[in-house]
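As a starting point, one isolated chain is supplied in structure tokens, in the form predicted alone.
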Amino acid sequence: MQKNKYDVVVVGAGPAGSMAARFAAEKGISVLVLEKDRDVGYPVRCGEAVSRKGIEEFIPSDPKFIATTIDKFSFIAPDGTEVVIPLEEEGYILERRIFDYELAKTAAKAGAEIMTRAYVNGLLFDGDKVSGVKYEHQGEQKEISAEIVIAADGVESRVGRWAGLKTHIDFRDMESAVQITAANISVDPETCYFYFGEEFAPQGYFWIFPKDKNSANIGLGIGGDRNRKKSALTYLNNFMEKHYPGASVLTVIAGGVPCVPTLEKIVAPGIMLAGDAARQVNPLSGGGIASGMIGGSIAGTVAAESILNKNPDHIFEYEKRWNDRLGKRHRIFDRIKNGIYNFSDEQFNSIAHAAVKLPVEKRSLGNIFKTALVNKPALLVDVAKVFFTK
């Protein structure tokens, strides 16, 4: 039977929400997860690429949620020059429907309760402190009290906004993204492909993430202001007509990706933001699976500590721990992104021409970025901080 009060209510059962619920429940407090969709992990709004290390911090790698293993990536310049770069650590293309489901199961195993088709449409307050949520389930309007609400409800979090947190994002800081899953194509299942340049994805990049040797997630993200001139879907259609005219399209997704550093405030009395809601996305790549899980785990841990120690103000420790773990690093990634995404086609071509001359054993992400930013000494320091320090 549903209780009327929980220590923690988590809104959203994606990777951030599930990890927040799990890490809070593992401390022995009561946790309820409210997911608006009928199934955890559906619909999939993601390229599904992630590092093995990012996964295995939270769940053992399992073939049932891994479509393919990636050990190299290909950088394709505007003039067609291709540079294949071995990865120092392998990555995965996931089956997110299965992966998210398995993450939610770890939260349930830890003691969290999960309810789907629960649409949160308001907050409860005790003075200026969030004290619970209002939601609709099976046609009934209900309320649940909570000591802490963790909002993992995605970009431009409504829950965070209701609590007075600034979750709005300027369209210029959003990448307009579109992706298809295509079959009847030929790709190397161990390689992720990245295309750069005006033809493919201005102020962004175009990707092919293989699901197997005959299918892949194919998409792109472009700068928000560029979408006014030509839509992301037009770029994608042009690419498919040129490179894969016989492909069958299995799925289509589109939306905005917040490629900016973490929000300035991700905590207010009684509420914490995690995952996309907090902008815990890598600003350089747009990837948010691993960083969302990290953010969620920190939020859940701090929430439990706050409740167990009867110290409501302890939740503000979350901002510090996130900043120490990834927040500072994401700000560096943002500076590197701003230095790269405005490159001309000639600059991308020059980088590829220099990189392809390197022996394979000397090709690395760090060396590619060093080549790209050779005339930007301040950004080279940032690159060194990311790739050459432990």
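Treat the numbers as computed from the prediction; the structure is a model and nothing was measured. Numbering starts at 1 and follows the sequence shown.
What comes next is about the form predicted together with a small molecule, which is not displayed.
In the model of the complex, the small molecule sits within 4.5 Å of a heavy atom belonging to A177. In the model of the complex, A274 approaches the small molecule with a heavy atom inside 4.5 Å. Put simply, A152 is close to the small molecule in the model of the complex: some heavy atom of it is within 4.5 Å. Contact check for G288: a non-hydrogen atom falls within 4.5 Å of the small molecule in the model of the complex. Contact with the small molecule, judged by heavy atoms within 4.5 Å in the model of the complex, is confined among 106 to 114, 137 to 145, 314 to 322, 247 to 255 to 247 to 255. For the three residues A77, A201 and E346, a heavy atom within 4.5 Å of the small molecule turns up in the model of the complex in no case. Note on contacts: among V120, A163, A232, A304, the single residue with a heavy atom within 4.5 Å of the small molecule in the model of the complex is V120.
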